[in-house]
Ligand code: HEM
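Taking the form predicted on its own, here's one chain by itself in structure tokens.
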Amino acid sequence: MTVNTPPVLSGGWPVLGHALEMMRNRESLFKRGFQEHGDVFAIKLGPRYAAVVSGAENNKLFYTQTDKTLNMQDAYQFLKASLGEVLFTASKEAYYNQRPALQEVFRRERMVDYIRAMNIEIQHWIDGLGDAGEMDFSAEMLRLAQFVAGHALIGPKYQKELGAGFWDLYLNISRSLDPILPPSLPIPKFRRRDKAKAAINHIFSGMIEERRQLPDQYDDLISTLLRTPLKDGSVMDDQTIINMFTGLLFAGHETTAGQAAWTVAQLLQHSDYLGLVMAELNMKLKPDSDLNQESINQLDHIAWAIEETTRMYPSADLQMRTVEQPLDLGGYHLPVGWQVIVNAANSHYLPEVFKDPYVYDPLRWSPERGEGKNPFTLVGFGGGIHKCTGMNFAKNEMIIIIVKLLQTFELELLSQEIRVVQGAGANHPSEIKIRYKKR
């Protein structure tokens, strides 16, 4: 048994430790730690220590020990004030009780309807762009992902049901996410969060009641949650449905928007690979046709481009757990109360796993190359049984966006420098200025 805790990274402030550096630029912090100590090192976040780990074996232990020696709920308590007590912000027992409902929402048979909604909303967005122009693609992807999430999870009348200003409420919730400050502090951003939550609760309560009164007229996410048995045989109460719906809409648009924007930007930065994508589109798809799961699965080069962007610019670049029982990891001992953090900044750039890791190379994901075969090399969508349930939804949406965009327009990337905008919820790219012209 090992007895030494991981070496602590240099720097840090009295009392705060590395918390300020973590908030300002966690990627730089993690890379500095890796340079000093390798795959496992410690940082101090206020009064608590956190072990920052990388590499497939350490990542695997992180995911497989979740709900055993590692607790997922404690590390995300800051989300509870924003999204409510549901899934990984709820107790371990409540989380496992709720999982059947979440799995029902994303079961394979439902994906047919989701893909249909994606085709409709993405085509509507394409048609609204006109024949030529310029746009901030990062902002457009956030708006489009909202439309897709709304239509897929609520139905074609989602705009009328949600009402004007709904997504502004979500923005106030997103801006309130703060893993450092106590969520009950009487400060402006937390007041705006609570006001937005109350308004969202009112909207969703009306939608729940409508579906309860007219069950035969709806087959959407809310009606699914109303009738799907939980693990213990009960059904969700209204507040839990509201919390889950809030969380799914939140997760279903922010992360996908950022990932889609980065993927297109990288394709436009690398014309050689874009040529391979266009050749595949011309060979396998008819112009102006809607996509289904079968046609989506044929588009290897776009799938590899998405995987490479997930490696280089993941929307979710870290996950956290809390040590509940003493754990040995990477040759070190982690005491009860420590946090553990897996991170993309180091795991996604290990030269022994990825050849020339700082080079954009989607072909590394081809069967011939097969880099990163170990499923725990990437952390962007989580891992193990806690891998993101909506991952296939997100990837299908991104593929349809890319296909319809490239089939319709010639694109020119105008932005010279694009940077990561770090968030407590999801990372996203800065402004991506694109000029487009109909083919």
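Nothing here was measured: the structure is a model prediction, and the numbers come from that model. So that there is no doubt, residue numbering starts at 1 and follows the sequence shown.
Omitted from view is the form predicted together with protoporphyrin IX containing FE (HEM), to which the following refers.
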message = To verify the annotation, which of these, His37, Lys373, Lys387, Arg48, has a non-hydrogen atom within 4.5 Å of protoporphyrin IX containing FE (HEM) in the predicted bound form?
response = Lys387
key: The unique member of Leu225, Leu248, Val323, Leu267 whose heavy atoms fall within 4.5 Å of protoporphyrin IX containing FE (HEM) in the predicted bound form   = Leu248
query = Mind checking whether each of Met72, Phe106 and Thr256 has a heavy atom within 4.5 Å of protoporphyrin IX containing FE (HEM) in the predicted bound form?
reply = yes
ask   = Does Phe409 reach protoporphyrin IX containing FE (HEM) in the predicted bound form, with heavy atoms at most 4.5 Å apart?
value = no
ask   = Does protoporphyrin IX containing FE (HEM) come within 4.5 Å of any heavy atom of Met398 in the predicted bound form?
value = yes
request  = Answer for Ala101 alone: is it within 4.5 Å of protoporphyrin IX containing FE (HEM) in the predicted bound form, judged on heavy atom distances?
outcome  = no
request  = Although protoporphyrin IX containing FE (HEM) is absent from this view, report whether Val53 comes within 4.5 Å of it in the predicted bound form, heavy atoms only.
outcome  = no
ask   = 256 to 264, 344 to 352, 227 to 235, 278 to 286: which one contacts protoporphyrin IX containing FE (HEM) in the predicted bound form at 4.5 Å, heavy atom to heavy atom?
value = 256 to 264
Residues from 75 to 106 in contact with protoporphyrin IX containing FE (HEM) (non-hydrogen atom within 4.5 Å) in the predicted bound form = Tyr76, Leu87, Phe88, Tyr95, Arg99, Leu102, Phe106
